[in-house]
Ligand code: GLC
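As C-alpha cells, one chain now follows by itself in the form predicted on its own.
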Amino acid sequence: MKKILFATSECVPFIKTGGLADVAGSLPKNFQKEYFDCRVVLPKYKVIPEKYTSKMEYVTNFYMDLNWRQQYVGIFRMEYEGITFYFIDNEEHFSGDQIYAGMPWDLEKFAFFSKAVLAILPVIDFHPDIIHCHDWQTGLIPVYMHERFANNAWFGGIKTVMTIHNLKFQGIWNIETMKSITGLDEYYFSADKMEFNGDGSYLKGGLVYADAITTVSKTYAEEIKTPFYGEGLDGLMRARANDLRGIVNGLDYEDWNPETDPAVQYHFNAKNFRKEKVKNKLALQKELGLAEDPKQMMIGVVSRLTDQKGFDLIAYMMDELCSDAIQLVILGTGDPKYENMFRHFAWKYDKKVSANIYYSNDLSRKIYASCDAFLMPSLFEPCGLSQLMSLRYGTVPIVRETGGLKDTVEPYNEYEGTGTGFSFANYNAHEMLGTIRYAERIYYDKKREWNKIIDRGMAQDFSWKNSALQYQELYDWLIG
C-alpha cells in the first residue's frame, strides 16, 4: 500500500479561506483505499470550530529547533470521514484570530510548520512514500528534506510533490530575514535555488527541490511557462516542464447537488430543470427586489471583486450591459472601486441589478441554482470552481478562455450542436460584451438550443473521482 501525506495550511471542513481547502479536504477521500493510505497534516489553529477540536485526541509533544531557538510541537490526531488528520499545535504561531497574519509573520509560522511536518513523522510512526505539498506555505518541506533530513536514514525514499494553486502567491521576503527564520545557509539563496529578484521565495524553493510539480489545470500548466502568466518563474517552469503536469480540481458532487442542496428552495435535476429551475429564479428575484419576470435572462457573478477576476472589463461595459434585457446578481467583496461601482449600478437600475457586497454560502448556492448564465471573464484562473458549480446547477457559464476555464467549458457551436457554455479568447471588454450578447440571443431566440446546452453541462462529470485517478497515476509514476 502506498502512503501519501498531504501537507496544507487549510483544509475543509476545519478551516477555509479559498479553493486550496477544498482540494486538501476532498481529494484524499477519493483515492482508492485499497491502494493508498492518504493522511493530512495541518496547523491546529485557534479558529478551528470547537465541534472539531473537541474530537481531536492528544498524541504527544516535543521540542524542535528552528534556527536559533527551541519551539514546542504538539501533535493531535482525528479521524474524519475515513481519513486520518494530524494537527500541529503551537500557540505562538497558530493562536491568532486569522490563519494568515501577513508578512513577515507568516514566514516564521510556515517555516515552523514545514519543519514540524517532517519532524513529527518518526514520532507518529508514519513513513510516507510521498509528501504532497500545497502552495508557498509548504514550499520549505522539499527544501528541508534536501537540507537537513536527507542524511537521516529514516527519511530515505520519501518523494515530494508540489502543487501550485495560484502562482501569484509565493512567500517572498528579504533574504537576511529568511535566513534568520529558516536556518538555511547562503547556499540555498542562489539564483538557481530560492533567490528571486534579490529576495527569497518559499514557493521557488519548493518548485526547485520537489520531485514533481502539479498545478490545477492543463491550460494553466502551459500558461505558467510564459512571461505573462509565469509571475517571474516562467524560466523555472520551462526548465522543469518534464516534471510538471496539470490536473483539474474536482467538485464535491454530494455537497454541490441541486437535488438535495438545503439552500435551494425548489430542488431540480437534469430531467426536470426546465420546469423547476425557473421557480428558484422567481424566488430570488423576489428576495432581492428585482423585477419578477420568469422570462428575463438572469446573469450571476459570485467572486472576489478584483482585477484578476476581470472586473475592469465588466466596469467598462456596465452601462451597455444594463441597457440589455438582462438582470445581474453580484455577490462578493474585494476592491472598493468595484464594490462601489456595483452599489452605484444597483441604485441606478434597482430592478435589474442586485449588488450583495458581502459573502454568503447560502446566497451563492441560490445564485448558482437560480440564474440562467454565470459570468467569469478572468484575466487568469488557475482552475476555478465557480464554472464547475454553474455546470452542476444548470447555469450556463460565460467565461474567458484561460486556465481551468478553458479546460472545463466547451464553447457553444450552433452549427454542430455542441458546447456547454460561451467563451471569448482575448482579454477585451468588447469581445466579452459580444459573447454575452450572443448568449442572450440564444437564450431568447433559440430556447430549445439553450436547454440542450444545459443538458450537456449537467451531464459533465467534474467530481473528485476523475482528479483522484490522475493524481494516483502521478504517484505511481513517482514511486514506481
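Quantities reported herein were computed from a predicted structural model and do not represent experimental measurements. Residue positions are given as counts along the sequence shown, with the first one as 1.
The following text describes the form predicted in complex with alpha-D-glucopyranose, which does not appear among the structures shown.
Colleague: Which single stretch, out of 304 to 312, 117 to 125, 236 to 244, 184 to 192, brings residue heavy atoms within 4.5 Å of alpha-D-glucopyranose in the predicted bound form?
Modeller: Stretch 304 to 312 is the one.
Colleague: Exactly one residue in 165, 281, 109, 400 has a non-hydrogen atom within 4.5 Å of alpha-D-glucopyranose in the predicted bound form; which is it?
Modeller: That would be 165.
Colleague: Under a 4.5 angstroms heavy atom criterion, identify the one residue in 394, 171, 382, 142 near alpha-D-glucopyranose in the predicted bound form.
Modeller: Selected residue: 382.
Colleague: Does at least one non-hydrogen atom of residue 249 fall within 4.5 angstroms of alpha-D-glucopyranose in the predicted bound form?
Modeller: Residue-level check for residue 249: yes, a contact with alpha-D-glucopyranose.
Colleague: Examine residue 23 and determine whether its closest non-hydrogen atom to alpha-D-glucopyranose in the predicted bound form is within 4.5 angstroms.
Modeller: Within the cut-off, so yes.
Colleague: How about residue 216: is it within 4.5 Å of alpha-D-glucopyranose in the predicted bound form, going by heavy atoms?
Modeller: The answer is yes: residue 216 has a heavy atom within 4.5 Å of alpha-D-glucopyranose.
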